[in-house]
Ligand SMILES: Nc1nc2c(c(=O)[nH]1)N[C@H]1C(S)=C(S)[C@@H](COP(=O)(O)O)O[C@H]1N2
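Below sits a lone chain in structure tokens, taken as the form predicted on its own.
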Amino acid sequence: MKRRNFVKKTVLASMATIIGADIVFGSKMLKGYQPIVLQDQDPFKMFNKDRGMEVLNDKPWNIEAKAHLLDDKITPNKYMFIRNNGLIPKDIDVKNWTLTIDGESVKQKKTYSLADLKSKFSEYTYQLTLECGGNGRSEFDPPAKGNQWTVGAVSCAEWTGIRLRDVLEDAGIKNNAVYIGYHAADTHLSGDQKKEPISRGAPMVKALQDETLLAFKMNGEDIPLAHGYPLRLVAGGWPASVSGKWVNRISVRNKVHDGTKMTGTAYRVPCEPVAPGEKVKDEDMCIIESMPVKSLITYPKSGAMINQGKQLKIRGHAWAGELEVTKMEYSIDFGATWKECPVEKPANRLAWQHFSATIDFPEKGYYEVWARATDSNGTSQPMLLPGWNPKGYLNNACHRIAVKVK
């Protein structure tokens, strides 16, 4: 008995060392039981993701797609990137979930149940492009801190919900309203309930757009937990951090929202161009709003091989934040010359657009196919990395795939 107790205490001590804290009721654990924190977590099963997705971080979870996985016109959950800042909420009680509208510039603080929101306000459905502000960060040199996203932190799902504008107008907006800020049910990585992992927002002009939704469905079904179930804000065309998940409170502010990751250098770029590696003062950083023009070749997968004399069909998506893509081009000679190809109109404002082309190659050898989109203001993607910034945001360089003709 003494030996058994000694072994159990030794095992508990080892577990506590790994966890970094005492297991308070460890003596009551069943023989052979392994605490959840020590169990291998399979994010592909947990979040119903394709195993071709790339896990960048597990505390918090950050997962991206590969370009060829994003070939669907409407992004399914299994290929949709995850960008979290804190811990995903547990034990969500949908029946008692509420949304509170408050802040200095709301006429009256008001709280709605989910049933109130779904019954009182009209429902809308839009395809909306969401892209992490740091998508493409891995290409910056000198390197920028943060998740080293390549090209897969973007999606265009179909979102269903109610217009934020309708809820704000129901509560009443004062004339001095400047910004909204969201608050949510996720918790800080430290476990401190008083700290918000993220609390961003948007100017009133964005908050009041038709397409800015309080969504409760994604692709016709309840929003998956990792993407904000049971209620999230969706503000397409802006950094996806503006589209807060698990939203339970929205503040109408009489100033630019100053929540977590709204100040300092978070989701900001230098107001004026800077040299690579240069330090920039906080006051010289500007908040990212509309995302820049960008495109992605989703077919074929980079590394494609074809026989000489055969044509190659390519396709992909293009988007331009608040704007529309008006021209799409491709190059097979490293950007020396470009050929225009068809690009479809968006399904609705702020949805990405689809392009395709059929390419002939002059001879055998190695090629790169580059894609370049131009927005309705006449701005085109840069061929290579755009201006460096300390946090590695807004990389909209031309996407390229490798092709070998044999």
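What you see is a predicted model, and the numbers here were worked out from it, not measured in a lab. Residue numbers here begin at 1 and follow the sequence given.
The same protein also exists as the form predicted together with the named molecule; that form is not shown, yet it is the one meant from here on.
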Pick from 317-325, 98-106, 282-290, 237-245: which stretch has non-hydrogen atoms within 4.5 Å of the named molecule in the predicted complex?
237-245
Checked 137, 232, 268, 253 for heavy atoms within 4.5 Å of the named molecule in the predicted complex; positive is 232
Between the options 213, 128, 177, 198, which residue brings a heavy atom to within 4.5 Å of the named molecule in the predicted complex?
198
Does the named molecule come within 4.5 Å of any heavy atom of residue 294 in the predicted complex?
no
Considering only heavy atoms, tell me if residue 84 and the named molecule come within 4.5 Å of each other in the predicted complex.
yes
Would you check, heavy atoms only and a 4.5 Å threshold, whether residue 186 touches the named molecule in the predicted complex?
yes
Just checking whether residue 132 would be counted as a contact of the named molecule in the predicted complex - the rule being heavy atoms within 4.5 angstroms.
yes
Can you tell me which bits of 309-332 touch the named molecule in the predicted complex, meaning any heavy atom within 4.5 Å?
none
